[in-house]
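In the block that follows, a single chain appears as structure tokens, in the form predicted alone.
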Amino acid sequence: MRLGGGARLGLAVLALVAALALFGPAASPWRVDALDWQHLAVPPGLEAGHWLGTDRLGRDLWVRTLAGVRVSLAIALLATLVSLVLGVGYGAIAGYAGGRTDALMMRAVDVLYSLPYVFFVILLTVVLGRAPTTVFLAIGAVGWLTMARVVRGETRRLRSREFVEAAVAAGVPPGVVLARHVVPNLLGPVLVYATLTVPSLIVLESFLSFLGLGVAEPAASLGNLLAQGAQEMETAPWMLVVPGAFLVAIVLALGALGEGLRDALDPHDA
């Protein structure tokens, strides 16, 4: 598999951001929740070691942004993993079974789609509190629905292929046919879709935290950092620009990687 230049650049950006998020806060003398009362809302520079500035409480913006990237990426990746496990299994069974079973299973997906998502998040927040686990559960609970639809369509297409029909004619049990012949041939489109799903989930987590439904203080996520920055946009614009730049870079890099994977795995679509 050969990736294009844009995909390789996106992969390099993601590797750099991930390395910074993992090791950057530990290498800094400032902790995520450390308060520097002598340097409140300091703009980017070399003053007191806060080279990307501080917020209104004197907390180092570089460390908090990297910690926020770590939280947002972890939530998005875990939710994507849930969507892969649930969506691939559910969609493959529905698409392979066909008929009434397929219709009933997909009607259940339609019902879940119709539920008000923000109300569901508010309910989880009330029950479990504002924490990364709550946001992960909220996103993962609905993130698999689209994956199930994608996999179901691909499975219906594969069901009529010669190698699947030959396995059925040989008396191979349906579960073995799915595990050995159908699901492995879904890895290409599933991998591409998963790569394109991660940036949308990062934006969704940021949106929920921006609304006050996600990760709560003093923990940091890209969403609550953007919410704080929006409140200080006129007097301390760097508080919005720094986390916003990281969010844009991650989303663009993941999008470029997903497009590159799609072209590499499906050359007819290029």
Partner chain sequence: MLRYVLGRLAGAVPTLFAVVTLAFLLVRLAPGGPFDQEQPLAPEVRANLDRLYGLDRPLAEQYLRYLGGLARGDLGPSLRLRDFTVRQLIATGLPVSLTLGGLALALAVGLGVPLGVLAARRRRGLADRALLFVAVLGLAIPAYVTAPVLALVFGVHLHWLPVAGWEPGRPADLVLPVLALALPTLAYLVRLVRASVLEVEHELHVRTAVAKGLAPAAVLVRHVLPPALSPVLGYLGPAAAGILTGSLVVETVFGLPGMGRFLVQGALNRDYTLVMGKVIVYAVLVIGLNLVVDVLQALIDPRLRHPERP
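Positions refer to the first chain, counted from 1. Keep in mind that this is a model prediction, so the values were computed, not measured.
Beyond the structure shown, there is the form predicted in complex with the partner chain, which is absent from this document and is the topic of what follows.
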Given a 4.5 Å cut-off on heavy atoms, tell me which of 81-89, 159-167, 182-190, 104-112 is the interface stretch with the partner chain in the model of the complex. 104-112
Proximity of residue 227 to the partner chain in the model of the complex, heavy atoms at 4.5 Å: yes
At 4.5 Å between heavy atoms, is residue 141 in contact with the partner chain in the model of the complex? no
I'd like to check something about residue 27: if you look in the model of the complex, is any of its heavy atoms closer than or equal to 4.5 Å to a heavy atom of the partner chain? no
Is residue 247 close enough to the partner chain in the model of the complex to count, meaning some heavy atom within 4.5 Å? yes
Within 227-245, which residues have a heavy atom closer than or equal to 4.5 Å from the partner chain in the model of the complex? 227, 230, 233, 234, 240
